[in-house]
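Presented below, as structure tokens, is a lone chain in the form predicted on its own.
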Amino acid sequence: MTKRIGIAGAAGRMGRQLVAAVTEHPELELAAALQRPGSPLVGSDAGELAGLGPIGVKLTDGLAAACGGLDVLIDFTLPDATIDNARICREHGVRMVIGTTGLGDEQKAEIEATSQQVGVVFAPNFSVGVTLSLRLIEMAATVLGDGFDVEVLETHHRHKIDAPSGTAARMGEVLAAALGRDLRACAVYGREGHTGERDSRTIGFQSVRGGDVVGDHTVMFLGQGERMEVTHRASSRMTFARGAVRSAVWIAERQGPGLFDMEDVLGLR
């Protein structure tokens, strides 16, 4: 049975990739392409903006009006917009796939509240490779333990507005859990000046911004006489779009509410 998909922020860099990924999927129909109110692109054909040619789906700015025809909303926008969309989806019983990063604790609590009413797949990164990388760094941290210093390095394009990236933050959470540490107490974000000797129980984060880098992440385990690195590099946003589409199919077929991530979608837990 065909699933009807809505895309929030359909005119953005990621939104256009999502339009293409939904359009190419045989089980999905693009039922709504949404853009922020006041955008000059409202009324444009979503397919033309995505470089596909006309597909007969115009950008609109009214999620509530579109919800009656949606099975799943895919949202890779901004924190405030995502929370507004989550409340609307909760009220109308529309499932969600959320890839927005940079959310605060209260905003994450709103997503949790939404997941008590409808199914939600919420992940900082929808790449299959990144999901496997999280498993690898968990295994490495468990085996190497406190004998190795741990650093997380991430690089993204110049337009990214949050740091560290959601993926790097998730990597930190996985590392801290495997090492038995409180990430809020042990995280160090960048270094400057006379920092003194490194505390062996810290987890360091470095963020680089520039150019058109889609997303690079490296976790370094630095020991005495040896170093291990787990690296993932993304060269196309379509990697994330196809993972999000895979998640949309999965959550559309799942009964009942709940909060899930890519490990659930891939059957890794």
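Counting begins at 1, following the sequence as shown. These figures come from a predicted structure and were not determined experimentally.
Keep in mind that the form predicted together with a small molecule is not shown, yet the notes after this line are about it.
- Although the partner is absent here, Thr77 lies within 4.5 Å of the small molecule in the predicted bound form, judged by heavy atoms.
- Residue contact with the small molecule in the predicted bound form: Thr100 places a heavy atom within 4.5 Å of it.
- Taking non-hydrogen atoms only, Arg90 never approaches the small molecule to within 4.5 angstroms in the predicted bound form.
- The shortest heavy atom separation between Lys160 and the small molecule in the predicted bound form is within 4.5 Å.
- Within 4.5 Å of the small molecule in the predicted bound form, a heavy atom is found for every one of Gly12, Leu34 and Ala123.
- Only one of the listed residues (Ala81, Val118, Val174, Leu144) places a non-hydrogen atom within 4.5 angstroms of the small molecule in the predicted bound form, and that residue is Ala81.
- Contact with the small molecule, judged by heavy atoms within 4.5 Å in the predicted bound form, is confined among 109-117, 147-155, 125-133, 182-190 to 125-133.
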